[in-house]
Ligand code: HEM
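Below you'll find only one chain, the form predicted alone, shown as structure tokens.
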């Protein structure tokens, strides 16, 4: 099979990866990248059923060796406690359950009005100005607001937090986290002080929850582990939600008939969000490592090799979603999809992403029903794993 069939995407090449995905699904569902340019190889799964099964089987496809196709993932964490995304087994489940308590809908409810107020404020400014940049003015700061409030960052310090968060998230997306070294160190210092304060005087936030959690082992969570959760929140909760929100605006522009249905029947919004999550697939793929030899579709994956789970491809697999899988149908039964992965590592922030999507759609259609985004003038962010806009011109039509 032609090695060029799969090429990692970034920035401008994210615009249309879907023909490549279709070719992989049809002709090479277990694609072997024989040389990354650094003498490494890995495998790519592109069909829904295979990707879903790999996410569920954490014993066969482990996360403990890193979640990118690089075999150097562990170097950054050498001598440190692993972040939750690279844990498996009881330790992972225990920490995950502690965090999930904070993401239950009832615990998210107090944040809804703050998020809605922010959205309304930005949309009203768009109405006054006739438009703006959907990403810069709304879809980037909204997730950052959510993450900061979840972690307990005071509103007065949010601008500082936003700056750190996006420097760190952008650097991580390109695989060069230490390119944002100053921001990383400043965040470590900030959250170290915040954690110390919450250990003494807990408040209603995730840092306090973690600081006072008592795992079944009877050993409180270490500062390092809690700081790892904070960084995971920053890295996983910002650019991914931005990808969903910006992509949703794109879809509503590209499929005016679907927008018309939502305008006439807002009760369809909840189901529509699942379709938008499926089509946008902000995290287009993450990797696991085969723990033993695997034979799949006549191909062999040796133990110890990285396997890229191409969520963005699986989410458009006609075998799962029908012949119109590339089209938007807000009435489609899109669940389960792969946008939040599957199995033990299903995204902890799924409820938060759905909440932000719902609030944005409700207010966008109510206040700017004739909006349009300029796809041709848009720009995509760099990075091989998250597909999101970096700039998306927005126009309010009277």
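Positions refer to the first chain, counted from 1. Here the structure is a predicted model, which means the values were calculated and not measured.
Below: the form predicted in complex with the ligand, not depicted.
Within 4.5 Å of some heavy atom of the ligand in the model of the complex lies at least one heavy atom of residue 340. At the 4.5 Å threshold, heavy atoms of residue 96 reach the ligand in the model of the complex. For residue 301, no non-hydrogen atom is located within 4.5 Å of the ligand in the model of the complex, even though that partner is not displayed. Of the heavy atoms in residue 344, some are within 4.5 Å of the ligand in the model of the complex. The putative spot formed by 252, 271 and 371 is not touched by the ligand in the model of the complex; no residue has a non-hydrogen atom within 4.5 angstroms of it. Residues with any non-hydrogen atom within 4.5 angstroms of the ligand in the model of the complex fall in just one of 141 to 149, 159 to 167, 212 to 220, 123 to 131: 141 to 149. Contact with the ligand in the model of the complex, judged by any heavy atom within 4.5 Å, is made by just one of 194, 233, 325, 115: 233.
The contact with the ligand in the model of the complex, taken as any heavy atom within 4.5 Å, belongs to 241 out of 279, 135, 207, 241. Interface residues of 5 to 20, taken as those with a heavy atom within 4.5 Å of the ligand in the model of the complex (partner not displayed), are absent.
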